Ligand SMILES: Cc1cc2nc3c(=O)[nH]c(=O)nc-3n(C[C@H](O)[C@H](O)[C@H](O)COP(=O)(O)OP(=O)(O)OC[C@H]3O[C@@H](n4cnc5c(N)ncnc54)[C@H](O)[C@@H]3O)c2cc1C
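Next up: a single chain in C-alpha cells, the form predicted on its own.
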C-alpha cells in the first residue's frame, strides 16, 4: 500500500483517514459500503497507476465514482478499490471550433456553465451535479436530446484508460471499435479520462418549468403523451410525471423544455394547455443553466430511494390502465413515475451506429420511491417492485445507466440487442478479465 501511495500525485485514503467517509458515500444512502481503499486521482497518470494496481492484485473489485448518482450503488463497493474522480474535474470550451473538452470526473453543470457563456450547448442530463463520465458512456439523455441527439451522438473523441493501464485515444478514425463501444456500453471498457464534444449554438433563454394537473386527469395526460409525443417538434422536450408526495396533492403532468424559436412555443404547447386548468403551471422564459439546476437536491443523502427502468415504444391502453389503476401514494414516501422522452434526433440514428441500441424508444419509463433515510424501506421497495410487475411487460430493454443490479446476466446481455456480439468483441479486446464489472456488465468470452 505504501508503494501505491508513493506513486500517486493524488490521495490514497484508508478507512482511518480523514476524507475517507465522505469519499465512499454516494447520493443514495441505502448503499453504505466500505472500500478497502479509495484513490482520488488528479490526472491520467494516477488513473493508470490505480487501474494497474487493481489488475495486478487479483483483479481487485473496482468502483468508479464521478457524481455518485448510481441508483444501484455501483459507484462504491465493499472491500475493493473505489476510484473517486472528484479531484479530476476540468472543462475547456473552444467557442470558435464549437467544441468542449471535459475530464472524466467533471459534473455536467460545469459544461453547461462554460458552454452557455458562449451560447453553446450539448445534451447533458437533467441534474447539474451528475458526473459526465457515467452519464455519457451510458448514452446521455437530457432536456435537449430530441433537439441535438444524445450526448454520445455529439462525441468527437475520447481518451480511455483501459484494463491494462494504457491510455488509448479513440475516435471515428483511431481505435474506432473502442469509440463505438464507449458510446452506450457504459463503463465496461475502461475509465474515460477525456471527452471531446461537438457543441451547438443555442440562446440562453428557453421556455421551461412544469405544468401539473390533478391525478384524476392522469389518463388524459397519458393518452395525450402517447398521441402527441411522436409528433411534436424536436425543440420541445416533454417529460411526463406522475407524483404522489407525502401528504399530497397527487398530480400528473409534464416537465417542459422548449429550446426553439420563441414565436413557435405557443403552438408547440397548445395540446398540453388544452388539457384544462392546471393545479400548477411554472412554465416561463428562463435561463437554460438555471433550468438544468432546477432539479438539484441540496441534501440528497437525507432521502433514500429505489427505482426501476424500462424503455417504451408506445403508450397502449394496457399501459395506461396499468399506470392509472396501480399508481398509489403513501404518507411515508414520495412515489413518482417519470417518462423521460426520446425520439426526435435520437431516433434518427441507426441502432448499430453506436453501442446504444434503443433508438426506437418513445421514452424511458422510471417508477421510483423515496423515503426518509433511517426509516423502514421494505414496504416502499416492495410496492415499487409490485408496481413494476404491471409495467414491465410493456417495456423493451432498459437504460444502461439505470441498471438496478437485479436483472439476470441474460437479461442484461439481451438489453444490448443487435449490438451484443460486437460489444462482446470490444470487451474481449480491452477488458478480457472483466476488471470493470460494476456496470450493466458485458461478460467477456475469452
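All of these numbers come straight from a predicted model, not from anything done at the bench. Numbering follows the first chain given and starts at 1.
One more form of this protein, predicted together with the named molecule, exists but is not displayed; see below.
187 is the sole member of 208, 253, 187, 310 with a non-hydrogen atom lying within 4.5 angstroms of the named molecule in the model of the complex. The contact with the named molecule in the model of the complex, taken as any heavy atom within 4.5 Å, belongs to 74 out of 183, 74, 146, 333. Shown alone here, residue 401 lies within 4.5 Å of the named molecule in the model of the complex, counting heavy atoms only. Although the partner is absent from this view, residue 50 stays clear of the named molecule in the model of the complex, with no non-hydrogen atom inside 4.5 angstroms.
Under a 4.5 angstroms non-hydrogen atom cutoff, the named molecule in the model of the complex has residue 67 among its neighbouring residues.
In the model of the complex, the named molecule sits within 4.5 Å of a heavy atom belonging to residue 141. You can rule out all but one of 168-176, 271-279, 241-249, 132-140: in the model of the complex, only 132-140 has residues with a heavy atom within 4.5 Å of the named molecule.
Taking the named molecule as positioned in the model of the complex, the residues of 410-446 that bring a heavy atom within 4.5 Å of it are, in sequence order, 438, 439.
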